[in-house]
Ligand SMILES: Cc1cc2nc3c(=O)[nH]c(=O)nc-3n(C[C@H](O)[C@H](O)[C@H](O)COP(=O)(O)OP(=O)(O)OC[C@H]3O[C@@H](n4cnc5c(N)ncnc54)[C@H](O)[C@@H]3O)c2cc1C
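One chain is shown next in structure tokens, namely the form predicted on its own.
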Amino acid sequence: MESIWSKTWSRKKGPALNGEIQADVAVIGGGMAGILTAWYLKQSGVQVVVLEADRIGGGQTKNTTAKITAQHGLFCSRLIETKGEEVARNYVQANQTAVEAYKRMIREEDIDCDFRESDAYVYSQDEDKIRKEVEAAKILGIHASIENHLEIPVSYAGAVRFPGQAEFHPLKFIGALALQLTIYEDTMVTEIQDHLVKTTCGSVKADKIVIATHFPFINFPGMYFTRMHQERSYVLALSGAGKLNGMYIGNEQGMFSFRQYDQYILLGGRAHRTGENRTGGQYEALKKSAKKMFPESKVSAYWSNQDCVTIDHLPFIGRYAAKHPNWFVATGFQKWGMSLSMVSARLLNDLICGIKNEYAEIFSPSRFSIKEIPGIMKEGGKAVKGLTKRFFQVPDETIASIEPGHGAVADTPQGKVGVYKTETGQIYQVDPICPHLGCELSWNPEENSWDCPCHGSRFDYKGNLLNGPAQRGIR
């Protein structure tokens, strides 16, 4: 499984940190948000270094569908109802400003990243929802319209169109920015103490620290794990499927995402909460849908992505916690990481440089509403369920009962063991407990991985760490 972006771009890995250094700002995480934040800070005259555990763009950035858009589903009407017109207007304006910032940056820096402007559409089976969304978008200052004739081979009652959005190759883009930055790769951060960032190969003393690691790995303070969960979704790159001029996403459960890249149509869908894919079959279902919609197409690449979802569906961008006013965070982008990475970079640059930013309040990580209590209780319930399962549920499986090519938590004389048995019968055993906060892991047959249903950490069948917030693998 390798994304079309990884298949069509390569770069020599940069050096690792070696020893102790100092900087004005240390940015932890070399994805889109981290690289953009570092770039803006450098433009502001700040001495900044980027610390990346693997290689830049190697996390969620390489797995995005790379739509640069202020259209985040049918969100305008929902935000007006849940947050009020002022918050909704600021949110949509922040994201539309981000789209324009990408256009300007790519033009002024002459970045070759397969950029093209493209209209964005949200399609739905519900005509009333479409009309309501267009009316709400216009109230918020977006030039939206209803479209009844789309290029995509699915049923719909209509769609909301946002003109003047964009799409690009995300790795080519951050690769160009990286040439201007000081980046240390293969440099995993293990601990932060006030102004000191400790890594596996040295340390950085910095006045300010930005945590842009997709999901924050520091639990206290902040407690972001109580206010977010992670979801996985799947993408196929289809050759021979024709051409699309716009970007599309469905509003209802089970609908698909579409966009064009070069000769490929990228078809996405089948989203679910991380750790809740026990039966698998997501890729096969997506491939069957692709064959039905595009009979002459062939799968040229396929991959999956992971998204952080906050309780109120707005990201956390700003100061990490009151206890650490010099720490900053950007997380909770849902499926809109490209526009919100730019929003984050511009907002964090302003906060660090002491510049007033009109959008700071709506994205503040310290915000709280009584309306969020049910969501917090639900997330807490998921964690309790994971911990309860660990201590009180006895597995049905034994090592002998697991079929070749399958994995499961098995009951053994030594206790619970995570077992994966290859097609040839070779057995891999791991401790099925997530080192993040102790929840029991679930076997993901789609990707041969152990996934945490509580907070979304993932590990391969040998126990190596794939996704945080866990900071290490499992035994």
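Just so it is clear, the structure is predicted and the values come from calculations on it, not from any experiment. Throughout, we count residues from 1 along the sequence that is shown.
Keep in mind that the form predicted together with the named molecule is missing from the display, and what follows is about it.
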{"item": "Location of the named molecule contact in the predicted complex, chosen stretch of 338-346, 110-118, 76-84, 309-317 [non-hydrogen atom, 4.5 Å]", "value": "338-346"}
{"item": "Touches the named molecule in the predicted complex: Phe217 (any heavy atom, 4.5 Å)", "value": "yes"}
{"item": "Touches the named molecule in the predicted complex: Tyr91 (any heavy atom, 4.5 Å)", "value": "no"}
{"item": "In the predicted complex, Ala206 touching the named molecule (heavy atom, 4.5 Å)", "value": "no"}
{"item": "is_contact(Ala176, the named molecule) in the predicted complex, heavy atom dist at most 4.5 Å", "value": "no"}
{"item": "Ala98, Ala237, Ala212, Ile183 - the one with a heavy atom within 4.5 Å of the named molecule in the predicted complex", "value": "Ala212"}
{"item": "Cys439, Val419, Ala66, Ala26 - the one with a heavy atom within 4.5 Å of the named molecule in the predicted complex", "value": "Ala66"}
{"item": "Residues from 291-305 in contact with the named molecule (non-hydrogen atom within 4.5 Å) in the predicted complex", "value": "Asn305"}
